[in-house]
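Single chain ahead, by itself, as structure tokens, in the form predicted alone.
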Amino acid sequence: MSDPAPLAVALQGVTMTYRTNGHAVHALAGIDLTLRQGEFVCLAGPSGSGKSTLLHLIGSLDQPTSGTIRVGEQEISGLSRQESALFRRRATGFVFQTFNLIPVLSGFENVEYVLLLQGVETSERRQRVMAMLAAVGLAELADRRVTELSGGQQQRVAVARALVGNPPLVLADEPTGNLDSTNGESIIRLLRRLNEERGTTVLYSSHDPRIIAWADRVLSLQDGRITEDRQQTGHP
């Protein structure tokens, strides 16, 4: 029997509490979770169940109220803001539901921005950006400003931006939520293919049964707790 893949993510006792109008809101209540390298995992649950909060914590966009989070070899639950930014640049790619593209830039420039932050040289930047845009089917629209692209095309740019830095972990927060069913399935199919070809660990959230069906493993969240952890076979 082969050894299990190394751990990509490990959470222990993670809680997240917000204060709203003087009241405590418990977004996450004691999450224990491990993901292994190369897994393709869906966080499933209704709005308000804690999906976005969990993704933001694993991506070091926020810090937990308590508990520990390890991504790869790094403990991230106590990083400073500057350390978190360096960690995100190196270790994660994030796909947001609202795309979060820079509207005055082209698709090429939005994807290139990640490599600029990483200090990649000009010739290599262009090669990698164009290869990534080709992988998402947008090479011919590389120089078009993102505001001139359709919603599905903008989300493809966002996926390319998340992946161009070759992060070991990709986090996608409702990546198909603002798309029609055809474009939504196209995006999840793209993430699945890149997961299989590159061995990238992918954790995405959804409440759409058609999108959840693509995962190998489904984590069901309810009221800030993982209520079910199941394996799936026979995805589309």
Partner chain sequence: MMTTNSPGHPPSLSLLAVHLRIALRNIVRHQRRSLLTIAAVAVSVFCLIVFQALLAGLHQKMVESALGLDTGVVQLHGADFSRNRTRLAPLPNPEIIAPAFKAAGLTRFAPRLKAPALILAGRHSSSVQLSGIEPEQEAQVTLVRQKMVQGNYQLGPGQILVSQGLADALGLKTGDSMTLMVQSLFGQAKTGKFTVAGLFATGLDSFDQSHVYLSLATAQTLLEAEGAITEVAASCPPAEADELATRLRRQLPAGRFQVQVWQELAPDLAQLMELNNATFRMLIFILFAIVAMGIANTMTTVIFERFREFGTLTALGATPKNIVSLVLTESLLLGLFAALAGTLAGIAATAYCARYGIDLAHFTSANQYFVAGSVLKAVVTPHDLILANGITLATAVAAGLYPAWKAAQLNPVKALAHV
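Numbering follows the first chain given and starts at 1. Keep in mind it's a predicted model, so treat the numbers as computed, not measured.
Missing here is the form predicted together with its partner chain; even so, the following discussion is about that form.
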Given 192 to 200, 205 to 213, 30 to 38, 60 to 68, the stretch touching its partner chain in the predicted bound form at heavy atoms within 4.5 Å is 60 to 68
Contact with its partner chain in the predicted bound form for H56, defined as at least one heavy atom pair within 4.5 Å: yes or no? yes
Taking the shortest heavy atom distance, is E124 within 4.5 Å of its partner chain in the predicted bound form? yes
Using the partner position in the predicted bound form, report whether R156 sits within 4.5 Å of its partner chain, counting heavy atoms only. no
Answer with yes or no whether G78 is in contact with its partner chain in the predicted bound form, where contact means some heavy atom within 4.5 Å. no
Assess the spot marked by T182, L219 and G234: is its partner chain within 4.5 Å of a heavy atom from every one of these residues in the predicted bound form? no
Residues within stretch 65 to 89 having a non-hydrogen atom within 4.5 Å of its partner chain in the predicted bound form: R81, Q82, A85, L86, R88, R89
